[in-house]
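Here we start with a single chain on its own, the form predicted on its own, put down as structure tokens.
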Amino acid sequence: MSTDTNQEAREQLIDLAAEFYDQFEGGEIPSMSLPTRTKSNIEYDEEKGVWVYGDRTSRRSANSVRGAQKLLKAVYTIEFLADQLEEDRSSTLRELYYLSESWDNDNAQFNDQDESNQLIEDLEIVSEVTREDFHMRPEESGAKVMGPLHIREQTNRGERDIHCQLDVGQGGYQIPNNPDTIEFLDNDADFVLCVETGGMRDRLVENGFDADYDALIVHLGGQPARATRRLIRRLHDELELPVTVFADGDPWSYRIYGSVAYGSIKSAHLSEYLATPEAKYIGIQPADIVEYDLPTDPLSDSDINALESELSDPRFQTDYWEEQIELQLEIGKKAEQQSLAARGLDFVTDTYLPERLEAMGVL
């Protein structure tokens, strides 16, 4: 990351701490206003196609012991992040939790990692600086890309030029914590295929799907990390590549698609940065379960509740999703991506994906 970006992020943090100081100096009780981060304060922006926070706010104030402790922890964290940026260092969210154990005020130490994670999210919202620009990293997500894309990555050891097909092994190119450090040099891909499971991703690579169809295969690794979603958004916006999502045929996988396409409640303050509303869902569809007579498992009670919840979710209130979800509730079954192997190991790359992609207008 450039020195200018570091300095800008640092100044935003220091400005936030200065607000607390000004409140003290003016005889006010220090406080910090944040959007209320509950489902009832999430609005679906029809124009942008993403989840955003509504107008309801809550105030963190030092007028109680608990509130004062929260602001104290915020100040200590701001100081740590400002120093980290000054030194051009980085740390993980897990390390921040443990680092607080060394702070000289016991009241500033975090009780658990959920508390430190939430504070970082709070600071993102009020400072309008992402945690990536704070140089805060999650634990490794392991998400990778395979396909005809030539990039330049900025690292702490200098620039690296990498072709995500020719210069990598079977495992592919690992997505960095901050994909904005990547420069796209050249691209021969026709579309992006986001794949939920590692087993299916490996099948596609082994069968040469990326080379045969000029596809950028992005492994989501279950619920995709922010870095993965950010890279997908950039591939769509900057390279004008269609984005498709290939996941298991169950309600939890539909939510994985939803997080790629529309954003999530937890990261609603970053929906325009992370979500790709134009992303299309390939499958597994409930209709595929019927058409191909796939091996299945019965829907559990939690599956049924999740499907019924999705019927009232703005992200899934389209004719397509209503038809598919109602069909799934009717047949009472779910299926994994790899159930397609019941028709042979090459069926997914020779028949299923090409036919679906053609029907969707991608091929």
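Every value quoted in this text rests on a predicted model; they were computed, and no experiment measured them. Note that residue numbering begins at 1 and tracks the sequence as displayed.
Form predicted together with a further copy of the same chain: not shown, discussed below.
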Is residue 229 close to a further copy of the same chain in the model of the complex, meaning a heavy atom pair under 4.5 Å apart or at it? no
Close approach of residue 242 to a further copy of the same chain in the model of the complex, 4.5 Å, heavy atom: no
Contact label in the model of the complex: residue 12 to a further copy of the same chain, heavy atom within 4.5 Å: no
Taking any heavy atom pair closer than or equal to 4.5 Å as contact, tell me whether residue 258 reaches a further copy of the same chain in the model of the complex. no
Are all three residues 19, 187 and 279 in contact with a further copy of the same chain in the model of the complex, where contact means a non-hydrogen atom within 4.5 Å? no
The unique member of 132, 210, 122, 250 whose heavy atoms fall within 4.5 Å of a further copy of the same chain in the model of the complex: 210
The single option of 91, 223, 118, 105 touching a further copy of the same chain in the model of the complex, heavy atom within 4.5 Å: 91
Candidate stretches 231-239, 122-130, 283-291, 172-180, one within 4.5 Å of a further copy of the same chain in the model of the complex by heavy atom: 172-180
Those residues of 334-356 with a non-hydrogen atom no more than 4.5 Å from a further copy of the same chain in the model of the complex are 336, 338, 339, 341, 342, 344, 345, 346
